[in-house]
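Listed next as structure tokens is one chain, alone, in the form predicted alone.
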Amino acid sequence: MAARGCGGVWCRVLQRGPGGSCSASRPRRAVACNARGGAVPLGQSGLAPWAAVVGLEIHAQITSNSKLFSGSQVQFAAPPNSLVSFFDASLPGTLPVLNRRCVEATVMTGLALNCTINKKSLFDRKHYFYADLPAGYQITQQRVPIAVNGSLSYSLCKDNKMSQMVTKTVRIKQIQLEQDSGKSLHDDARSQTLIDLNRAGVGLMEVVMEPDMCCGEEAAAAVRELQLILQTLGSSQAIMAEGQLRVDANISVHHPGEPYGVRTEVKNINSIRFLAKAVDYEIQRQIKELENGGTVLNETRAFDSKLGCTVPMRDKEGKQDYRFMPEPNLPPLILYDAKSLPANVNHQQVVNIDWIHERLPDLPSVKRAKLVELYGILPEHSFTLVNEDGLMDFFEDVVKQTQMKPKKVIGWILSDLLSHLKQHSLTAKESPISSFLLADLLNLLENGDISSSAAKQQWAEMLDGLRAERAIYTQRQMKCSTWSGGERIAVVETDPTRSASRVDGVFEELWKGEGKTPLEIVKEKQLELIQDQEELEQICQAVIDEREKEVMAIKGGNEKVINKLIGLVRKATRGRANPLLVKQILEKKLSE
């Protein structure tokens, strides 16, 4: 069974430096939890152990062409205030019209998260006053949301070992439909704030997770799994760099057996990596505050990614301050299933829960299980394939086109392709080496046309070609930085120490699109295995003649030294010699 709470994972966190500043130095102690979710003693100070409690509120932007209650278009990075209807601007006399697509996407998400779908849900007004909220209230679902009582299972590494995956479950309290606010743009140079209402009224799903997590690593893993589910369903693109997935973390600490402590909320975290850091820092900050005799305030905080710490924003507002009231301009939202669906009803005018349920795609957990069953790969390998954008499809395309066994293919995908794609900030979908070309290369290796070292050499040349191409591209782009997942990635620069022959490698030939196959390039660069045994025997004899010391050691009973001779032969042939055949030839000649 899946367990709630931390699973034997030590969570390192930052400590607050003198004078309230943030320190990135090694923390005095770490927060840890055992496999059952309980706390364990911290450090050697003899203090009672602490238990951390983490709950999340996640706002996911619904993938829809128009906003939740108006016909305004939804588009990222549009000119400011260019996508604002009269309703979005809250002009008098305008009324909301509910977007059917947003309702269906929320129902689909609720079903995927094992929620109970309420056939009757209600809309409410949540009052608060910000310049980017023209109406002075947000339309949400406080009393009766569209989905309740769900669960999300996720996996994470135990002790940072991919081979030791721990599965956990977090309860989903509810999923509610609500509208987004506008965006405030602060101009510190001119001491003014500008308002962009393009985002005002965009449909959101708020996923409220119960406080079943206890460290930043768990929170990050849960959000990543939710992100994958949303992207698989198509209910949200969930691109955090574009603000389509924003996380609020509620954090408190307490001694086991005592009531939960006062919680703080860290708002608007837009990166999974920053989420883990923010949660871990806030846990340690609260522990230190309490151990020094202070109190934890019920406040809203923000995570400063540059300093690596949380900073106060404002005191928490109580529920009564929001003055929730029923939304008078929207009737109850009525959903149907197969049993309650009225006869002779126009199916375009109702939302059928069962119809949506039947069309749910395979979720990430199902995909991982199928990969293990179908290809015999390890569970941790299936985890990586599904979690990396486009990598599973790339892997399956290669397997379909190559004679190599999937267990061997996965090594090339994870050890070679993925590592270099990450190095160059690319996804599998952006890989300059197509699945067809990689499969062709692996077929050459499997058929014995080239050795593994030659294949590696060809792969290295491909990657050097990629480095050269990306360097040219970044120079053309004035060395502008790229953004990935809300985090800045450095541009690729040229390395003047690299030889021209490697830059002009196989990959560059493929990149030019001249129609050359890997086999043609292998022959052109003379990377094919030497098939002439007489030629191999001559090379082996030359190595034996030059290495009298090693030959004497082998004849004296040290058979391991023969591996050195094999390496010398392969070096002389630039990796084009079959090591098994070379070993047979050497053993025969040494026994003469």
Partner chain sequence: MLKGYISPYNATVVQKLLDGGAVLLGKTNLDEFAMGSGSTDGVFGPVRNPWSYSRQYKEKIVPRSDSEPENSNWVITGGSSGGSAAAVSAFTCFAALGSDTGGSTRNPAAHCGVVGLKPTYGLISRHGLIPLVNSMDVPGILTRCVDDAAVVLGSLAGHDPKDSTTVQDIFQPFALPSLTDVSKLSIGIPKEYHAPGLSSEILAVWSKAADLFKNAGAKVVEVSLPHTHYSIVCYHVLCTAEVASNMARFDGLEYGHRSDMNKSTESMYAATRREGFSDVVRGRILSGNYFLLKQNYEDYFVKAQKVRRLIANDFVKVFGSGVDILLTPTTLSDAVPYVEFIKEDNRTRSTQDDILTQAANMAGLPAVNVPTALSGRGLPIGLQFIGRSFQEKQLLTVAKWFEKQEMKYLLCIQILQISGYTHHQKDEFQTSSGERC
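The structure displayed is predicted, hence computed values, not measured ones. Numbering follows the first chain given and starts at 1.
If you look for the form predicted in complex with its partner chain, you will not find it shown, but the lines that follow are about it.
**Student:** So its partner chain isn't shown here. In the predicted complex, which residue out of I334, L185, V311, L91 has a non-hydrogen atom within 4.5 Å of it?
**Tutor:** Spelling it out, the residue with a heavy atom inside the cut-off is L91.
**Student:** Just to be sure I understand the contacts: of L378, A135, A241, V350, which is the one whose heavy atoms reach within 4.5 angstroms of its partner chain in the predicted complex?
**Tutor:** Spelling it out, the residue with a heavy atom inside the cut-off is A135.
**Student:** Answer for K400 alone: is it within 4.5 Å of its partner chain in the predicted complex, judged on heavy atom distances?
**Tutor:** K400: no contact with its partner chain in the predicted complex.
**Student:** In the predicted complex, is there a heavy atom of its partner chain that lies within 4.5 Å of any heavy atom of R301, even though the partner is absent here?
**Tutor:** Outside the cut-off, so no.
**Student:** When the contact criterion is heavy atoms within 4.5 Å, does R323 count as touching its partner chain in the predicted complex?
**Tutor:** Flag for R323 set to yes.
**Student:** If you check in the predicted complex, is K367 within 4.5 Å of its partner chain, heavy atoms only?
**Tutor:** No.
**Student:** Please identify, from 81 to 89, 291 to 299, 103 to 111, 357 to 365, the stretch that has a heavy atom within 4.5 Å of its partner chain in the predicted complex.
**Tutor:** Flagged stretch: 81 to 89.
**Student:** For a quick test of understanding: in the predicted complex, does each of V53, G150 and Y260 have a heavy atom within 4.5 Å of its partner chain?
**Tutor:** No, the whole trio is out of contact, none within 4.5 Å by any heavy atom.
**Student:** Under the 4.5 Å heavy atom criterion, name the residues of 252 to 280 that approach its partner chain in the predicted complex, in sequence order.
**Tutor:** Nothing in this stretch is in contact.
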